[in-house]
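One chain is shown next in structure tokens, namely the form predicted alone.
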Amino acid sequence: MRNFAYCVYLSCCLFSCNDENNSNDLTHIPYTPSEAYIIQYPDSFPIPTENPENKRTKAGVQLGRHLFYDPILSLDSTISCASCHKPEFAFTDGKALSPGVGGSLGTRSSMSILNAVYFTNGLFWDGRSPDLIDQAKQPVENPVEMHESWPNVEKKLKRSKFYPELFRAAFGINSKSEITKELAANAIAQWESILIAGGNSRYYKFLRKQTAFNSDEFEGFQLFFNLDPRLPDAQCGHCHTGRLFASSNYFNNGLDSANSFTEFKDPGRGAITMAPLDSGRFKAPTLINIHLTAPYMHDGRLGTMDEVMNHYTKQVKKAPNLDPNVANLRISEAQSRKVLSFIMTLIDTSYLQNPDIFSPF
């Protein structure tokens, strides 16, 4: 009787182990290398360099899309990436400071991730992430954002009814045990790389001679880029540059007074490089769809674009590394309004027509 009981126990153990191994195995799911996800870039936009180790595929984009919108990445399943990056707000959230798990608040506003694939000198306001893959990893373990750990997230993804199949489709894994934060971040980065905007704006149609500016927009265009020697330089184009009206560089734009590099409440880029000259410097965000991303500045302190222009024309604070272009801004209120008229020509919400940018749930 004792031997029989032992045999039953051993049989159950073996069945349990085999069942666990079988449940981990994914090779019964057909896998063929996924088709590339093709983006039709606007004629006026450069084609970003693709990461050869993380080529964008249809299956990878769909996995990234699910992960981006799924609160499973957070400690209590209340916060997803999309909680702070909503399509209707140009992938910001309309708040000065974004709440995380339990309502905890950080010290900075969420940045737009439109066109983030083009940024080559760091992501986030302080540039602490070198690329989209690293950027995708950070919010999960940030204590004021998702407040989770990647090992726990990996466990949840492995237990999921559908994520193992999505990971196999995207990356050809053979077992649930192969689901890792690296693959999850790769997929999110693939999805984020499809978020392209600007080419269908009135500005780019103007450059293609498909539309015309009114007089205010045209003078704002000249002021923005300092194109007419009879008009003052609005200094905008020095920081909001190129095709994306953004910069991979970092600037002190006079938000806070400081007599020394150690006086900034938020050191910004300086906390990453440890260079005193970088203290109080932040990335210049894109102006494409800026009207959707209020409030403004790294901490959301300015509620409207009128307040932004008022800051630059009347309220710039002194600091040892204040950008000289900001310090020398001299335009009238009427000219400020014309600059804003031009900035409104940078609206392009055509990306909202792509169903792949919305939640799959």
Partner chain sequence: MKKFGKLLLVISALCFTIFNCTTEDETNKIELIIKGNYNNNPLVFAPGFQYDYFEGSKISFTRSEFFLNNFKLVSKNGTIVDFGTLQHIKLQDYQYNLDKANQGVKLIFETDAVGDFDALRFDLGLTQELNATNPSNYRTGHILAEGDNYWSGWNSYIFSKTEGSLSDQQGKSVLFAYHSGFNNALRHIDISKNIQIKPDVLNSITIELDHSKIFGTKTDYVDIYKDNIIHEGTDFINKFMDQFSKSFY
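Positions refer to the first chain, counted from 1. Owing to the predicted nature of the structure, the values given are computational and were not obtained by experimental measurement.
Although it is not shown, the form predicted in complex with the partner chain is what the next lines describe.
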### Message
Given the stretches 59 to 67, 305 to 313, 319 to 327, 289 to 297, which is the single one in contact with the partner chain in the model of the complex, using a heavy atom cutoff of 4.5 Å?
### Response
319 to 327
### Query
the partner chain isn't shown here, but in the model of the complex which of Asn249, Thr78, Ser175, Thr180 has a heavy atom within 4.5 Å of it?
Asn249
### Query
So which of Thr107, Gln210, Asn214, Thr120 reaches within 4.5 angstroms of the partner chain in the model of the complex, heavy atom to heavy atom?
Thr120
### Message
For the partner chain, considered in the model of the complex: do all three of Ile47, Leu227 and Leu277 come within 4.5 Å of it, counting heavy atoms only?
### Response
yes
#### Entry: Touches the partner chain in the model of the complex: Ser129 (any heavy atom, 4.5 Å)
no
### Task
Determine whether any heavy atom of Phe261 comes within 4.5 Å of a heavy atom of the partner chain in the model of the complex, and answer yes or no.
yes
### Message
Within 4.5 Å, heavy atoms only: does Asn152 come near the partner chain in the model of the complex?
### Response
no
### Query
Using heavy atoms and a 4.5 Å limit, would one call Asp43 a contact residue for the partner chain in the model of the complex?
yes
